[in-house]
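Two versions of one and the same chain are coming, encoded as structure tokens; call them structure 1 and structure 2.
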Structure 1
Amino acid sequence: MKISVVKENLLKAVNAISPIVPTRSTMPALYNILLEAEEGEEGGLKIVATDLDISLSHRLKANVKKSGAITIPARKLGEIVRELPNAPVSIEQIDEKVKIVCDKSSFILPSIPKSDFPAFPEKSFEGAFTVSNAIMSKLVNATSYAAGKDDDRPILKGILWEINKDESSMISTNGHRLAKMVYKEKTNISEPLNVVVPPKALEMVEKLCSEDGSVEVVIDGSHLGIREKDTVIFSRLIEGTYPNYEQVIPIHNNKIAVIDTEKFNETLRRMLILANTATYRVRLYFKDNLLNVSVKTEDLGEGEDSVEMEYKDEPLEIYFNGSYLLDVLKYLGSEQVKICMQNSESGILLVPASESEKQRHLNVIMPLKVTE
């Protein structure tokens, strides 16, 4: 195999694929990515990565001087390409090694033959439905950050994707917070679908697919397939029953605060400098159109700041994980955030102060208990 490829295109592909490459595995081949070069008009460089749960194939333009296929260490390739000058990158297989040359830089990496690399799933896209890439990215960005990390509850590590004829919804929760985005868009499905998907699989769409295009989506038993032109993603679905998230969304919150998103974000970031890194606990005190934000951590110190808001109800004090609040503000997509509350022990609802008719975005955060 011998090819030449534009450095920027190669870097984008390697960066996008790298989250799929496992950090721990009993199969050495999974630490590698497959490079497969094909000559001709329909040829180019195809890059494949898998962790056995998610498999991704992405083709990019390349000057193929000799066809062939080989696997090389994914992380080292990424580190090398990131530091290369802005010039064409030559990749050549030499016996059982791979030589990478760019301008005056030259590297040689070990390789593993294609025969040792897992085969890419062969799945049909017959009967697929289409989703706008822009909407897919909006749904994923608005929800994926709230997914769980606990291996004891694998179902919460996924995003629940609810699809019907008129709208799509994505929901994620870790038991302490919840994010949901609903977007009205007609689909060509015949029956409603509910699946739980690893966030990494959905995040690949934004990283590798065009901003203004659409992807084909097919659900085949326990797998989800996503395809757009030269990018194909297959992911194993997370099995199990997703919890009834609707019952934790508060509907009786009668205290309303409206705050400038950016100012609230800046205030929180300042206070979190002194927050306990295990809980990120901050105190919020709502009173008379002024929100007081404070933190007090033994051995670190204490801080206090305030931000103006619209609030006409009785004073209310609540403690929260401040990092959860920052996540909401980061992906809210609104100049102002509306916070709906009931008391110091109930979950709060955070929504954009204004939204288009086509989308609804809500977040729920449970307060922290104070024992002192």
Structure 2
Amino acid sequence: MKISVVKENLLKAVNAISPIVPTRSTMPALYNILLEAEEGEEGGLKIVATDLDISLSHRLKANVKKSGAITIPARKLGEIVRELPNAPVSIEQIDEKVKIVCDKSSFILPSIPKSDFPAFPEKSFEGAFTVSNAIMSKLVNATSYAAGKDDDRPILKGILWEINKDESSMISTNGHRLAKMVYKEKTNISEPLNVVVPPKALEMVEKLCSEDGSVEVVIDGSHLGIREKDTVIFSRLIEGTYPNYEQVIPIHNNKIAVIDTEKFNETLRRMLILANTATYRVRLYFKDNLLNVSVKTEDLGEGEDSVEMEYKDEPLEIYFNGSYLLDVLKYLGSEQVKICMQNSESGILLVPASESEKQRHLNVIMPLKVTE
């Protein structure tokens, strides 16, 4: 393999794919990135990295003098390219090593053959559907925080993505809270799809793709593929049956409170200073247009605050994990939050007080059971 490439282009590509390279792995090849050069008009340089969950490839223009493929240490390549002067970078494979030359600087790096590198999932994008990056970004931001982190239930570590011709929605839950975002927009999908995807893959789309563009999405058995121009991301899907989340969304709510999101957020943050760091337990007391927020933790102390709200129903005392409430307020994207409740033992529904017709964002949080 022998190529010459513009330094800025190479730097951009290396920066884009380096977050994928794992910091710890039992497979040495994963510390490397694959450089694949192809001659001809449609040729160029393809850079690939993978952590086995997500695989990312970026194609860039290059003057390919000799085709070939080799893997070299990703971190060292990144550090070298960052420090190179603005001049064409030549990369050449010499036996089992790779020589990088730029202006008067030259480096020789060890390499691992392509055969030891995990095969990039080359799936066809035929039949792919298109999703706007802005919509994808909204869906992911509004839900990814609620995904589980518990290794015992791997399925909950993913985001359920439901797509049909009229709308696209994402759902995540850790068993104690749930977030769902629905966005109504027609897609060119042929059949409705339900897949569970690791959040990291979807977050990567937001990082790598332009805000105003759109991405092509394909789901092929075991992988979700996303392509935008020269960047292709493949993510392994999480297998298993996602729990029937619809049944935990409370419907018959007879107590409604509307609160200023920012003020509620500030009050909660103040109270959480004294909350138990394992449970973040806070007490909410809804009564006569005033929400009383209090915290009492043995050894740490107690605190109390209140915030005005619109509430005309019967008084209600309910305990929550305050950090879950904070997450909802952070990602709600609305000036006021509407809290719909039944009693102190049922889950509550948090939705933006005003929403556009196009999108629907809802959050469910289960209350804490307190035994004094």
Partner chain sequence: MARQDVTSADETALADSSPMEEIVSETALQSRRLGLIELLDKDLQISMLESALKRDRLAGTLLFFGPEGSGKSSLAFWLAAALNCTTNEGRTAPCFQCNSCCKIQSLNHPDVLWIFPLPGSFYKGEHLDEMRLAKIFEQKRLEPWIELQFAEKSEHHLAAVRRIRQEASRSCYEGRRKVFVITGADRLRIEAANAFLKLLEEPRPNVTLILCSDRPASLLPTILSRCQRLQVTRPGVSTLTGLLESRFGIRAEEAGELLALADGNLAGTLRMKSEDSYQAQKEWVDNTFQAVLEPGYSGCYALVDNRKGPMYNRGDFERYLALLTQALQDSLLIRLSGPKGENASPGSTPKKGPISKYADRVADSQALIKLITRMVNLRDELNRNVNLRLLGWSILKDMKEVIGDGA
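Being a predicted model, the structure only gives us computed values, none of them experimental. Rigid core (definition): largest C-alpha set, two forms, superposition within 1.5 Å. Numbers follow structure 1, counted from its first residue as 1.
In this pair, the copy labelled structure 2 belongs to the form predicted in complex with its partner chain. Superposed on the core, the two forms differ at E83: its CA moves 2 Å or more between structure 1 and structure 2. Once both forms are overlaid on the rigid core, the distance between the two CA positions of N265 between structure 1 and structure 2 is under 2 angstroms. Core-superposed comparison between structure 1 and structure 2: the CA of I163 stays below a 2 Å shift. Aligning the rigid core between structure 1 and structure 2 leaves the CA of E41 offset by 10.6 Å. Superposed on the core, the two forms differ at F120, whose C-alpha moves 2.9 Å between structure 1 and structure 2.
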